[in-house]
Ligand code: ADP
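The chain that follows stands alone, in the form predicted alone, written as structure tokens.
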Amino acid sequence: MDLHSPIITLPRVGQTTYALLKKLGLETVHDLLFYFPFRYDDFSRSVSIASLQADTTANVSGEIELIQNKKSFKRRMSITEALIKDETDTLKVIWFNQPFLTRTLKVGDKISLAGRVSENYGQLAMVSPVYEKIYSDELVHTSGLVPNYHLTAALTQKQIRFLIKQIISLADTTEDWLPTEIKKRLNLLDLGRALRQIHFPKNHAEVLTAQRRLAFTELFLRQLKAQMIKRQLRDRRALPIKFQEAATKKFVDSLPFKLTDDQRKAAWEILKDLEKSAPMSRLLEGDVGSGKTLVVILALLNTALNKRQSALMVPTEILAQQHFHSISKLLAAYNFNIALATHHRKDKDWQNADIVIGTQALIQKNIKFKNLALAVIDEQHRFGVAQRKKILEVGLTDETTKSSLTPHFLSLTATPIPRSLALAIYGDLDLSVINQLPTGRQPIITKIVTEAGRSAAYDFIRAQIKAGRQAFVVCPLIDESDKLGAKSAKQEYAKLTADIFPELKIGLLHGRLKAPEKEKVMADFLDNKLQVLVTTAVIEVGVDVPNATMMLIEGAERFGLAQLHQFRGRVGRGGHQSHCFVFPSREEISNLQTIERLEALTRHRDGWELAKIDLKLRGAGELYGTGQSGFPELQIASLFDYANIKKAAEEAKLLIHDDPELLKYPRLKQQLGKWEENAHLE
């Protein structure tokens, strides 16, 4: 067995388990080794039964003296009771709905238990503890710091730990591509040791040193690529785009609203950059609904007035269509040739248009633009370095010198990052920030709704729709058959259509619909031909429906707070008061941590504050939704680890300065290539 061995070759991995592991992206031993825990249970307090105390978490071991199943007719459940004895005393243990335990555990078995100790009718007991039989001194599930991994339905923590325990010895065979001098200078662990410690640490200090090494590794690759891009851009030239002051002022004055000071400042920074012969490389950051698109339109307008071409690349077809319609409408008076280019729709002769709006179709092989002078990418974190590099390579030629020119580059993100951190993460980009919301924008009233309040919420929606408004209903899944215990869009659409709102026109939108179907559904919703739109996370990014004032989110605990904040930002874009109703799943209503997270959404309007809270409550891997951190390659590092990001930037700068082509570091160069291939989200 080696790092390339398929997981299915491991003991106790059949086709069913393999299919579940594959859902998590785990197909090889290497994948498993690099699947890191997001938190640890601390069972390092190993005590005798006699010294147990109520309301504490502890680990005890002993011999099973009695074990039996009972039926609770009142609550219709099976109860397994056991008595465990050690040399000091006896402890009662209770498990619910696990009758199979009497076949797994027998009188006389030596077992280790870990969990919370509670008082049960005057005597101490452990309720639903983790257990494992004692075969040796090496306990995996109940002693010391026990790793917890992100799971999918029907997989257990025990299964993941068991599998990783089998292959952990291969940690030392991993290739450590981080230069030795950097490890020495920063006192970082070798990769093999860091992998062993992250999965099975002896203490908290080992967790921290492993996380420090692995986090640095993730950040260093990003910084290295940023420094390489910066170095390449330094030697390149761009076509200056002259600021069309009179035309820009006339356009701004014609708008039915006033620009915020932040929008004006950001637009001015961009327009000044466009006038230079050095390629602009700028990140425009603004929270949901802050008006980034209008700032982009000012740049597109100036480029087109200079008789040069610009392209706006976005992550989804729905967003491309939306931008195409809204930009065409705002710039209708100028008779520009504005084209749409997606996988399913390419306007005639779009490569020669003044302004091209599209998806990754813009950077497919053999695509040639007429004279691309400005490239804009919306939602920076959803595209990898490779895509960004491609769009910078489809520029134009200087007719005088016949030399190649690089387009000016503008990237947008709604991911809230403080200035100091953004400059460290995107080492090659200048930063413009929009903090203000447009004038007259009302805060969205956000409420957690339990099943008891569902009927009242539906009544409220019905009244709002009667007054002419519209509503989104967001579900975590497309199909009920996904069997993950969460609501599906198809199931909810059927229920709302047949039982809840039979008198209303309801639409269904999800990622598996064909492009023409998606376009029709969105067009009908924008035209108010549909009053309710049932959808998935496909509407997370950028979709703008000013008449929509209600957002219902089903199974809300399955989304990160930053993602919920993005959903909420789809409403509240018109002049009417908007509402966001957050529905946790039935089984999560009593989960205090879930409610604490969702209550943060009701209290905070600031995306950055919500991101910080999510990091604290869920861990870095859950910051931007299931298994993502907003930056796809970050499992351990976080956006808040400024000291580590800064250190990674310094080391990357030093290395690139000494060896721009990484000739001395072939293993590092190879790893950077692999990272570039994987560093994007679909």
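Model, not experiment: these values are computed from the prediction. Start at 1 and count along the sequence shown; that's the residue number.
The same protein also exists as the form predicted together with the ligand; that form is not shown, yet it is the one meant from here on.
Quiz item: Tell me, which of K225, K487, R558, R573 has a heavy atom within 4.5 angstroms of the ligand in the predicted bound form?
Solution: In short, R573.
Practice problem: Using heavy atoms only and a 4.5 Å cut-off, determine which of P179, P546, G453, G507 is in contact with the ligand in the predicted bound form. | Solution: Exactly one residue meets the criterion: P546.
Quiz item: Does K370 reach the ligand in the predicted bound form, with heavy atoms at most 4.5 Å apart?
Solution: Because no heavy atom of K370 falls inside 4.5 Å of the ligand in the predicted bound form, the answer is no.
Quiz item: Is there a non-hydrogen atom of S290 within 4.5 angstroms of a non-hydrogen atom of the ligand in the predicted bound form?
Solution: Output for S290 is yes: heavy atoms within 4.5 Å of the ligand.
Quiz item: Using 4.5 Å between non-hydrogen atoms, is K258 touching the ligand in the predicted bound form?
Solution: Result yes; K258 sits at the interface with the ligand in the predicted bound form.
Quiz item: Heavy atom to heavy atom, is G192 within 4.5 Å of the ligand in the predicted bound form?
Solution: No - in the predicted bound form, heavy atoms of G192 and the ligand never come within 4.5 Å of each other.
Exercise. Using a 4.5 Å heavy atom cut-off, indicate which stretch of 290-298, 148-156, 206-214, 348-356 touches the ligand in the predicted bound form.
Key: Among the listed stretches, the partner-contacting one is 290-298.
Quiz item: For this chain shown on its own, do S46, H141 and G144 all sit within 4.5 Å of the ligand in the predicted bound form, going by heavy atoms?
Solution: No.
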